[in-house]
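Encoded as structure tokens, the following chain is the form predicted alone, with no partner shown.
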């Protein structure tokens, strides 16, 4: 769960800071991007519903793995966008931005062979990773929480959203 929290807080920080300069990104739209950051982590649903159960129900081979890729983010974001009645382009863009930021953050973590996962699917290429952090390292979460808290306080008290 620390990984999901880190992904969501990264998007919160990025979109809130961008909103200080870009009028189109208001506080109303930041949670949409934050939801997009959770899209690649939807593959963790596998812990609740095994792939073999879905294969049996659907009658076709099924895998959660493509959800945690660029193609999966685009498809899921497109499906979620259909739930909105207005500003669909903005919603889709923010969902994709959140999902892509999550994938990029995953691409920076440590892998045993020095290459990130297939997060660029449908491109069959595993880009090299700089091996910046280990997923289980609590310092990553602490940094994300502190950054989120700082941006929240700056947004609330310095940039005038507090009354």
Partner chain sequence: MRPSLRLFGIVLVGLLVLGMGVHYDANYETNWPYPTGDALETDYESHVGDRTFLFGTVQAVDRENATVEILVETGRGPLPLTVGGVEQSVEPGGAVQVYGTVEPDHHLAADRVVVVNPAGSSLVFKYGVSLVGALLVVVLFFRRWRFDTDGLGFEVR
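Keep in mind that what you see is a predicted model, and the values were worked out from it rather than measured. Positions refer to the first chain, counted from 1.
This protein has a second form, the form predicted together with its partner chain, left out of what is shown; the following refers to that one.
Interface residue remark: residue 32 is counted as part of the site for its partner chain in the predicted bound form, having a heavy atom within 4.5 Å. For residue 72, a non-hydrogen atom is located within 4.5 Å of its partner chain in the predicted bound form, even though that partner is not displayed. By the criterion of a heavy atom within 4.5 Å, residue 65 is counted among the residues contacting its partner chain in the predicted bound form. Not displayed here, its partner chain is approached by residue 9 to within 4.5 Å at the level of heavy atoms in the predicted bound form. For the partner-free chain shown, 110, 111, 112, 113, 118, 121, 125, 126, 131 of 94-132 come within 4.5 angstroms of its partner chain in the predicted bound form, judged by any non-hydrogen atom.
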